[in-house]
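Only one chain is shown below, in C-alpha cells, and it's the form predicted alone.
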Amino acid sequence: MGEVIRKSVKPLQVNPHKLSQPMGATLAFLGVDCCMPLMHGGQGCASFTKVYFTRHFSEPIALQTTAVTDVTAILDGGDYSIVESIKNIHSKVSPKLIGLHTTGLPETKGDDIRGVARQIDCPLVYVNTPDYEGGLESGWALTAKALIDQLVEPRSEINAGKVVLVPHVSMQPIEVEKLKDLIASFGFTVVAVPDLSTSLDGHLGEKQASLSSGGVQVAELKQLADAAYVVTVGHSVKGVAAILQKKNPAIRHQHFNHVSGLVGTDALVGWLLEVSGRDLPGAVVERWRKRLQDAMLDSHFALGQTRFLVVGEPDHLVALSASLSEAGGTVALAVATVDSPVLNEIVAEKIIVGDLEDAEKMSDTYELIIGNCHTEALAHRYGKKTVMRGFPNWEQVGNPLKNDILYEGGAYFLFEIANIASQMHEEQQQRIAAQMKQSA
C-alpha cells in the first residue's frame, strides 16, 4: 500500500468534491418505502441536496425542510419548526415514515430532536447529522444505525434462511440489486437496509412520487432481528451490524470492505458456499467468474500502460483500486473525501484526504481520472480522460444502472476503462507523430 496523508495543512478546501452528512442521511431515508426525509435546517440546505440527487438520478426526489431562518434559529428551540413541518407534511401526503435529520445550524444551536421526536405521534426516525462532521458515507451509516435502533423489534429466534444486507453509500441501485440477487441465489431471503435498488433504480412509476417509491418497507425493518446473518459491505457501515446484534445477539456478522474484482467477489462467494452448505455456486455465477478472468486478460494490455487518479468516498476508492490493480492498472493517486481506517487498504501509490486542488498539483503523475463530475473541469484543464463514477454525475444519464461490482460488473468495468485508456494512448501517439512531423 502507498503513502497515506490524512491531514491537510490547508485552512480550507479550495476545489472540493466532498458531500455532506445530511445528504447521506437523505439518500438513506430514500431507501425506505413511502418515507419523507425531513431536513431540519435552512431551506437552502434541502434545496441543494434535492438538486444534487434529482440531477444524478434524473428522478423526482422526495424531501422536505423545516426551513429554519435567522429569526427562528434564535427564538425557536427547534420544536415549533419541526412540529409545524410534520403537520404540513401530513396535510398533503401520508408517509409511512418521516426521516428527521439535522444540518449544521440546528446542531450548533443544540436543538434536541430526540426530545421533539417523543412529542410526535407518528412513525418517525431521527438522526443527528451535522454537516461540519463526516461526509456522505457517515450520514448514510448513521441513518442505517438509527433505522435499526429505533424501529427493529428485539427477537430471540432465528430464521436460518434470512440475511440482512447493509451496503455502503456509493453502491448504485443496480449494484445493490445484483448483490441481493447473488445472495438470494444461494437460497437466502435478503433484506437490504437502506435499499435503493427498488426506489431510485430509474423505474417508470405511475406518477411523480411525492414520497419515496420503493425501498425496504417499515414492516420489514421492524422484523429484521430474526435474521441469521447481517452482511456489511464497506467499512463505513461495519458498525451497523452491532446495532442489529443488540436486538438479537444470535445474529452472526460477516463483513466485506468491498465486493469488486476477482478477489473481492471470490471472498463473498466463498462465504456464501460455506454458510449455505453448497459445494458449488450456480452455473451463471461460475460463467461470469470465467468472463471476468478473460476480461482481466483482455484489458491488462491497456490498463497496464495507464496511471490513474481515483476520487471519491473511501469505501468506493477501495473497490475501484482493487479492480484496477488486479488487471495491471496503477493507481498513482487516490483522493478521498474523508478520513477512514480503510484508506490503508487502498491499492495506490499515494492516498490523500483532500480536495481536487491536491490532485491538480500532482497532475503529471496520472493520465486517466475516475471520479464524479467535479473532476471534469480538472480533466479539461490538464488534457486528461475521465470516467464518471460516484456522486454526483450530472453529465450522463443512466447512473442508477451502472454496475461495477461482482464478477459481471467487474468485467464490464474493466472493458469500459480499457477502451477509454486505449483511445487515450492512441490520441497521445497521434499528437506525438504530428509534433514530430511539424518539427521535421
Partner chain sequence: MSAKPKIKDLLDESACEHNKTKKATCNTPTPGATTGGCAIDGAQIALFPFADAAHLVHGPMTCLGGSWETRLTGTSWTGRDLTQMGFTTDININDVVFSGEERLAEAIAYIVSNYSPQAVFVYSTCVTALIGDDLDLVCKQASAQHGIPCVPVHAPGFVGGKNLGSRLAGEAVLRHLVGTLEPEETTPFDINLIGDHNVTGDMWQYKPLLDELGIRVLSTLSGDGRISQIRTAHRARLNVIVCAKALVSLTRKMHEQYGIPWISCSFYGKRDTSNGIMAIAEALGDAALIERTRQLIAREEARLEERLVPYRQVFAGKKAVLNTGGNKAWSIASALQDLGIEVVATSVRKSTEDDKVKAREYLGEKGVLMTTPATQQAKIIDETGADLLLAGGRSLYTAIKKRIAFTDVNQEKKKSYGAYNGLLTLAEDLKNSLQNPVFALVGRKAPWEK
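This one's a predicted model, so the numbers in the text were calculated from it and none came from an experiment. Numbering follows the first chain given and starts at 1.
Below, we turn to the form predicted in complex with the partner chain, even though it does not appear here.
The three residues Ser20, Glu59 and Ser81 all sit with a heavy atom within 4.5 Å of the partner chain in the predicted complex.
Residues with any non-hydrogen atom within 4.5 angstroms of the partner chain in the predicted complex fall in just one of 398-406, 373-381, 411-419, 26-34: 373-381.
This chain is drawn without the partner chain; in the predicted complex, the residue among Glu133, Glu349, Asp339, Asp181 with a heavy atom within 4.5 Å of it is Glu133. Scanning Val263, Leu297, Ile74, Leu280 against the partner chain in the predicted complex with a 4.5 Å heavy atom cut-off leaves one residue, Ile74.
Interface membership of Lys162, defined by any non-hydrogen atom within 4.5 Å of the partner chain in the predicted complex, is ruled out. Within this chain, Val387 is remote from the site of the partner chain in the predicted complex, having no heavy atom within 4.5 Å.
The closest heavy atom approach of Ile89 to the partner chain in the predicted complex falls within 4.5 Å.
The partner chain is not shown here, and in the predicted complex it never comes within 4.5 Å of any heavy atom of Asn393.
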